[in-house]
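Single chain ahead, written as C-alpha cells, the form predicted on its own.
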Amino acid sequence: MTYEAQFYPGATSVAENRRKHMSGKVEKLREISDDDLTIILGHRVPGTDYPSTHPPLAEMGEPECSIREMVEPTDGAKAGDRIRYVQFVDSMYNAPSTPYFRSYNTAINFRGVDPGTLSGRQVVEARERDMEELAKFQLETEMTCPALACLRGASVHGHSLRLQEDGVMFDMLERVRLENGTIIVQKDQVGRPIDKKVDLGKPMSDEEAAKRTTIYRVDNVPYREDKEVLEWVHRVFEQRTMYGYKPAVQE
C-alpha cells in the first residue's frame, strides 16, 4: 500500500493552502534570477564564489562512519560552504504564508536547514547555497506576495501591524517600494542600499491574497468555520493534557 502523507486537516481554503505549503506543492508565480537573489540577500557579491569554512568533503579524508555512508550530504556541505541566513516577515493582512508555515515548508522539503520561528518572523540558517535554494523557492512561489512579505535581517518589529496607503507592508527602512505597479527592492535584507534595483513583480490583489492565504481571519475564513481543524486541535489538547501524549491509556 502506498502511503500518502496527510499534512493538515480541514476543508476550507486556508486549510488547503496550509497543506500546500507543508507539502511543497505550491504554484510558481514569478522568476527571480540568481544574481538578483544574491543582491537582496546581501551576503556576497553576485558572481563570486561561495566562501568556504572547510575544504570539500571529498578532499578531507573523513573517517569511516556508517551514518555518513547512509546520509547524502547537501551540495553546500559537500563544498564546505559557510553558514548564512535568510529571514522572512509576513503581514497579518492575508499574507500567503506565516512564520510557522515557512518553517514547516523548510523543515519538510529541504535538508541541512535550521529553521527558527518567532511571532512575526522566520529565519533559516543553512549552508549558503542550500539556503539560497529554499529562499528562491519561497520567493518565486505563491508562498510569497512581494507587497505582503519581505526579507528583513534587521528592524523587523512592528512590520505586520500596518499597511501603507499603497497596500505595501510598512518597513521603517523602506527596503521595498511600489513603483509603476510592481514591487521594487532598493535595499538588501539588512537595509543597505543596493547598486541594482530588483523587480519582484506585481503584488497580489486583495482577492488573490484572500484566496491564497494560510491565515484564518474573521473577515475572510474564520477559524471556527473549519470544524475538522477544531476537532483535531481539541483532540490533541485533550490527549496532551489528560494523557501526556499517551493515547494508549485513554479509555
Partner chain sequence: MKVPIMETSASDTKKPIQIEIFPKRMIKPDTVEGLLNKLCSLEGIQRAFIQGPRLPTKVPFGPAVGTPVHHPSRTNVHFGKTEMGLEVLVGRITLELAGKEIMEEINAICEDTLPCGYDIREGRFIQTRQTVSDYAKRGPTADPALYGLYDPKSKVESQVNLLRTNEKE
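In this text, all values refer to a predicted model and were calculated from it rather than measured experimentally. Numbering follows the first chain given and starts at 1.
Below, we refer to the form predicted in complex with its partner chain, which is not included among the displayed structures.
**Student:** Give me the residue from D171, E133, E125, E142 that has a heavy atom within 4.5 Å of its partner chain in the model of the complex.
**Tutor:** Of D171, E133, E125, E142, the residue with a heavy atom within 4.5 Å of its partner chain in the model of the complex is D171.
**Student:** Taking 4.5 Å between heavy atoms as the contact cutoff, choose which of G167, G80, P115, G120 touches its partner chain in the model of the complex.
**Tutor:** It is G167.
**Student:** Find out whether any non-hydrogen atom of R162 is located within 4.5 angstroms of its partner chain in the model of the complex, and reply yes or no.
**Tutor:** Contact check for R162: yes, within 4.5 Å of its partner chain in the model of the complex.
**Student:** Although its partner chain is absent from this view, report whether G201 comes within 4.5 Å of it in the model of the complex, heavy atoms only.
**Tutor:** No, G201 is distant from the partner.
**Student:** Does the 4.5 Å heavy atom contact test between A154 and its partner chain in the model of the complex come out positive?
**Tutor:** Heavy-atom contact with its partner chain at 4.5 Å: present for A154.
**Student:** Considering only heavy atoms, tell me if R30 and its partner chain come within 4.5 Å of each other in the model of the complex.
**Tutor:** Result no; R30 lies far from its partner chain in the model of the complex.
**Student:** Looking at 54-62, 187-195, 22-30, 207-215, which one sits within 4.5 Å of its partner chain in the model of the complex if you count heavy atoms only?
**Tutor:** Of the options, only 187-195 has residues within 4.5 Å of the partner.
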